[in-house]
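Below sits a lone chain in structure tokens, taken as the form predicted alone.
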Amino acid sequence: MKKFNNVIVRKPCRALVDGISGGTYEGKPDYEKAVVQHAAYREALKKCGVEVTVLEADERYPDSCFVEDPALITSKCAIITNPGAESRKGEEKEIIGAVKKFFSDDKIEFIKDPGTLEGGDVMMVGDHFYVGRSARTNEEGIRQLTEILAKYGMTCSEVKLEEVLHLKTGINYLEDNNMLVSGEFVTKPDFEKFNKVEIPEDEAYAANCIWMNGTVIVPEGYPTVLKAVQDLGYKTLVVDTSEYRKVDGGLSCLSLRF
């Protein structure tokens, strides 16, 4: 089944070494390694049958390779978000040009102050969107998103986060009613109806896998998660994201998929 045709990514900048980190994973990213890993990530995406638009690195924003946060792309519209992290404000303006190549102005919506929203807090399940209320995404941002989605016949529900940075840090939908869950998401009633595959604590980082047209891309170094995904019947590709992990970034953060 083909659902995605296009992907937007942005190359990492040298300032990535100063990206936001909660300190869960030690060390600063090695820039040269991050460049190699990003190239491998792009190749993995291409193998899944999508066209990849590559944006140049932007040294003004250390976290700008995480393009999932400043925009949210749905089947019916694109939404330019309003990042909640101070150092990321402005990234949303730099993604608009790329989004405009795929959406007309009347199909591009905006989250406005005082609302904040980051795409890492938004998980799409068909035409329904689960949105994490986090340190980066506030109540007003969720209200605006709900209003925008309703305009296009889509729905939204809030998930309060207690432990993780972003919603998709700990939960990801793999289509076919399958969901990878870790930590606080294992017992959240919001996701009772799904086939939940519980990720062990020592591999929690790998809850952030991405489904791409029937193939699931899995971060390297997490054998339990890799086997669990393969046992669900998916083809898999493995990509090393060790340098992005050091600044709290995962596979989904690095691309806009639509």
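All values derive from a computational prediction rather than experimental measurement. Position 1 is the first residue in the sequence shown; the rest follow in order.
One more form of this protein, predicted together with a small molecule, exists but is not displayed; see below.
- In plain terms, the part of the chain that comes close to the small molecule in the model of the complex, with a heavy atom within 4.5 Å, is 66-74 out of 40-48, 185-193, 66-74, 225-233.
- Among Leu180, Leu165, Leu149, Met123, the residue placing a heavy atom within 4.5 Å of the small molecule in the model of the complex is Leu165.
- Using a 4.5 angstroms limit between non-hydrogen atoms, Cys253 touches the small molecule in the model of the complex.
- When contacts are judged by a 4.5 Å heavy atom cut-off, Leu237 does not count as touching the small molecule in the model of the complex.
- Taking the partner from elsewhere, Cys13 is found to have every heavy atom lying beyond 4.5 Å of the small molecule in the model of the complex.
- Of the heavy atoms in Val247, some are within 4.5 Å of the small molecule in the model of the complex.
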